[in-house]
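Heads up, the chain below is alone and in the form predicted alone; it's given as structure tokens.
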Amino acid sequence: MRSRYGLSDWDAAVSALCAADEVAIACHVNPDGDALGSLMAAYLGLRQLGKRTFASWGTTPAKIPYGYGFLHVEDALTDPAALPRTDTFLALDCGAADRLGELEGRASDSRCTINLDHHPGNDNFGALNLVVPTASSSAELVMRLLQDCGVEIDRAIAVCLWTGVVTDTGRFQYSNTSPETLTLAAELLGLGVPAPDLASEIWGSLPFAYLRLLGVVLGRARLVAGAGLVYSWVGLDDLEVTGTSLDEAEGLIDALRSTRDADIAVIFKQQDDGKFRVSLRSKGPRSVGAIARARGGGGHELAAGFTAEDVEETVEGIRRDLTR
């Protein structure tokens, strides 16, 4: 019995995937690098075993975030409305079933839904649950799952897995980087992952318009010194004026969190419906995961998010939580 990570469902998940002829695979809506890397690694790996695999996420239309074109997700992606019903459904990097968006019902209809994730507070919505909060990323779990299924990790799969690991660990800077993470990274490098080239694609190829947006965001940044909090926001009008898009705004929070005068950074990004996606980052040890979960969101203790109606009232609520 393998039972990796001490999970009672691990071997059953391996058996289910090996026995399946078709597997629907989905990550969370508004996917990040870990979600996309995990999705594509699972898609390629299970296809290597001769499975019919269908990759998707529950947003219509599905848009590939800026900087991840090298993963060739478009070649694999199935529109959520066209995703076939399969007996086996593999959900990746979803802290809760509703993170599947339009595909939540499809997952619940499957005979065997495998929930693979590393977010604390996961609601164990699967028939089989592979949830390891101590893992660096969902990509780490996908790699070990594929290996136990008999998949040979080739260069193409390794590139996908590296993308997930390197983005969710903040280029191995975050506290979720463990000796196991670096061992896994060494394995992937040994398979020919072009790490410098991928870093350039993900973080070093933003358009000049992004610099204009960054200037706007940093120019309106506010420090709540008593709470050790820095925040800023992006409105739809800012995107129009600077000629940028929401997916290009993902890295803005990293600029905010670089100040030594705050250990909590928050950025508000307005969506098409007028609401704001709120991203929170902590340098530690203070948690932002609890703050997000209390507001209907989720994530990790040091990186989390939720949706809000406004900026200032939400900031005041966060300030109160931080200063209790």
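In this text, residue numbers run from 1 along the sequence as written. For clarity, every value in this text was computed on a predicted model and none was experimentally measured.
A second form of this protein, the form predicted together with guanosine-5'-monophosphate (5GP), is not displayed here; the remarks below concern that form.
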Exercise. Within 4.5 Å of guanosine-5'-monophosphate (5GP) in the predicted complex: all of H119, G298 and A303, by heavy atom?
Worked result: yes
Problem set entry | Residue stretch of 254-262, 278-286, 39-47, 56-64 approaching guanosine-5'-monophosphate (5GP) in the predicted complex, non-hydrogen atom distance within 4.5 Å | 278-286
For this session: Could you run down 84-115 and flag each residue that has a heavy atom within 4.5 Å of guanosine-5'-monophosphate (5GP) in the predicted complex?
Result: R99
